[in-house]
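Take a look at this single chain, the form predicted on its own, given in structure tokens.
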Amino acid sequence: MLSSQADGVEKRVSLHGHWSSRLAFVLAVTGSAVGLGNIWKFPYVVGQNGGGAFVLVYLACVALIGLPVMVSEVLMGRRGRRNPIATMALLGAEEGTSRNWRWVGGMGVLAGILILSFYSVIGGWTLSYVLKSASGMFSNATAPEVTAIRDGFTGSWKTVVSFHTVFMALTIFVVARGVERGLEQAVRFMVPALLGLMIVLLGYSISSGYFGAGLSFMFSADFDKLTWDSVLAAMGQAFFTLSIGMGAVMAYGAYLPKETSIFGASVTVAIADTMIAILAGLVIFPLVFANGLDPADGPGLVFITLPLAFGQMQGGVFFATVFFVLLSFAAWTSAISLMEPAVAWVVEKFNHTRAQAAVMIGLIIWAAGFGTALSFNVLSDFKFLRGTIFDNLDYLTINIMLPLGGVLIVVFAGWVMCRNSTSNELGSSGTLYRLWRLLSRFVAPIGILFVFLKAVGLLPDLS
């Protein structure tokens, strides 16, 4: 696992192999970053916060908060060449502090497991809606009928668990095959396919007659509607959309070839992720306006509002099916990245094969997913703290574990790691490096801290 000395630092080699190219890494991290949040959450958050003004703030937050954290995770992953837990322990010792930094990596791995336990259930919903769309179930359906279809599905725990099982099996299959044969082959197909499907839907939105309204809604900057809470929402969306703080980017960074520019690859991922989120809005909003629906309709936008819209349009069966296949691909690529850090840890810690580790971790996540699957039916009345089991998992991971992990990662990279270590990995000590160091030491931690305090209710309403 270790080879010759280079610049006084051990040159490490990953047990799991490497991405075959910079493009493979970019596709993998883009696939991780582009998930359900881009396609269903970003449009409705834009809708709730005034359109174009929010988009501008969001883009600034991606550049000032999201990118510095992503660069930090990638450089730490590549320098350690291990799973996030071992990487944090190794780098902590290497920088003369403590191996206890491994608990930061451990929190990221655990967050990935917990997130995937409920993400897989929602991923199962998308698979179910592919079949519902293809069968023409939404054709000419009324709003009460579409709602009844959704409630009938979520109300049956056996059906929800069945699709959760299929989704987890697909994820286990890819991860078990390894970096090049599994992860890389999957994203080389799914990410371009996802983009292609989105362009097909964009073409339909352009022809809907309401594309101008959607374009105006997203890019007309109405700063009168922009509040401080909107700014915090933009910070949070920028942070969470890039899949940072959960160990996935660090794990993928461990497989990045040494000659690949971390700055270049990270910027490419951020641009691709942001463009797909904006494309999703340009697909969804014209359809919403064409059917006289509310663009700030919340999570119901995907599973109620859009099926209703597709059901009323010519060719709706085809386009609804394409949309939910797109959503399934987005969920699948993200699920793969959520599972990878834990699988890498089991392989390295216990010397299991990838197939054994993938099945072991996959079964744990699948079993944990029962809590979420039952939260929508037989355990819907079982509530504590923040609500159902699903509500509590969502709050714990998204509002606490990810921001906490993200701020500790960027603080470690910016304050604990010495200049030689970080500049060696980033291949630069010039203006770009100094800008990253400034953002990672001051701007990103402060921004994430505000998001965290707002999420846990310790920051007052700033509207």
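Everything numeric in this text was worked out from a predicted model, so none of it was measured. Here the rigid core means the biggest group of C-alpha atoms that line up within 1.5 Å when the two forms are laid on top of each other. Throughout, we count residues from 1 along the sequence that is shown.
The following text describes the form predicted in complex with 4-fluoro-L-phenylalanine (PFF), which does not appear among the structures shown.
Candidate site formed by Asn38, Tyr119 and Ser337: every one of these residues places a non-hydrogen atom within 4.5 angstroms of 4-fluoro-L-phenylalanine (PFF) in the predicted bound form. 4-fluoro-L-phenylalanine (PFF) is not shown here, and in the predicted bound form it never comes within 4.5 Å of any heavy atom of Phe376. For Ala33, a non-hydrogen atom is located within 4.5 Å of 4-fluoro-L-phenylalanine (PFF) in the predicted bound form, even though that partner is not displayed. 4-fluoro-L-phenylalanine (PFF) is not drawn, but in the predicted bound form it has no heavy atom within 4.5 Å of Phe217. Shown alone here, Phe240 lies within 4.5 Å of 4-fluoro-L-phenylalanine (PFF) in the predicted bound form, counting heavy atoms only. With 4-fluoro-L-phenylalanine (PFF) left out of view, the stretch that reaches within 4.5 Å of it through heavy atoms in the predicted bound form is, among 308-316, 362-370, 87-95, 243-251, 243-251. Here Trp40 counts as shifted, since its C-alpha moves by at least 2 Å between the shown form and the other one after the core is aligned. When the rigid core is held fixed, the Cα atom of Thr274 travels 2 angstroms or more between the shown form and the other one. Relative to the superposed core, Val160 undergoes a Cα shift smaller than 2 Å between the shown form and the other one.
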